[in-house]
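Before any questions on binding or motion, here is one chain by itself as structure tokens, the form predicted on its own.
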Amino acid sequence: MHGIWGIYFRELLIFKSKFFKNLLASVISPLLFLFAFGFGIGKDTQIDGTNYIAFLLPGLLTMTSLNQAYGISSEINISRFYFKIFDEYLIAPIGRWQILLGESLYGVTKGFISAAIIIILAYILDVKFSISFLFVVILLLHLLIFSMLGFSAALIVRNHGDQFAINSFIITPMVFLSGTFYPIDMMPAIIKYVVHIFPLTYTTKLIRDAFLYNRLTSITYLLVSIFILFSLFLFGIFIVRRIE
């Protein structure tokens, strides 16, 4: 376990120096989407009996926390390509799974901070929500999935251009098509099936139900999310061993 905490605390020390810059970035993006979608076009809209702003906020929470958790991929790339920090991890006497979990915990921490910002916004806007044990567990599951996805993506790419391509062709479509801004049922039939390849589709549904209603409405979605997490964990270890 010392390897996990060593990597985690190293990342926290670096994050400390740029905390306010990251905090500002975490605030501006959801505010822009909130004004554009929430107040701009959906102020009086109702979705399944829920005010659109209340519907939108959990989507902003999943989107913002995803960006922060997955965003560790860029930081890993910088430390890997320019400072050779990752090479030091590989020669250290620690397990490969410890490298994966140490970096993933850092992504989870960043994601929780951004999620807290959305929760504060929900409180300011007087949206009824629930911070229950169920919500915290599902949010943790969500953040682990995208932290491990970011970790694997960082080790697969060979340069920053490849990283940009992944963001453009996978992450951006996933953010806009996974039920974050509007229900999947409103999409064309073919898109309804396509979006279910995205893990965000499952975690957004789970988080929205837990956040707004304090309930778990789909055991299937939960099991699929757990399966995705387990698969990403095994894949992350495989990638570390491959580049070693």
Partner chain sequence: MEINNIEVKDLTKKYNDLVAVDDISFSVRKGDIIAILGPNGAGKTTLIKMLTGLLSPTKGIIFYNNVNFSKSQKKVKKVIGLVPQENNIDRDISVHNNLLIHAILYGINYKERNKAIMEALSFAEIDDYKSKLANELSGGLKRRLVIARAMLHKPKILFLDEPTVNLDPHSRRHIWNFIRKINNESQTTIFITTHYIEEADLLAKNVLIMDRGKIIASGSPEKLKSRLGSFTLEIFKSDSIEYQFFHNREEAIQFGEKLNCSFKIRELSLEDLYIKITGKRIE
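Positions refer to the first chain, counted from 1. As the structure is a computational prediction, the values presented were derived from the model and not from experiment.
Same protein, other form: the form predicted together with the partner chain, not shown, and the subject of what follows.
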Non-hydrogen atom within 4.5 Å of the partner chain in the predicted complex for each of I47, P173 and P183: no
Location of the partner chain contact in the predicted complex, chosen stretch of 122 to 130, 104 to 112, 79 to 87, 161 to 169 [non-hydrogen atom, 4.5 Å]: 79 to 87
Answer option from A25, I226, I14, L234, heavy atom within 4.5 Å of the partner chain in the predicted complex: I14
4.5 Å heavy atom contact, L141 to the partner chain in the predicted complex: no
Any non-hydrogen atom of I94 within 4.5 angstroms of the partner chain in the predicted complex: yes
Partner contact for W5 in the predicted complex: the partner chain, 4.5 angstroms, heavy atom: yes
The partner chain contact at F9 in the predicted complex, heavy atom, 4.5 Å: yes
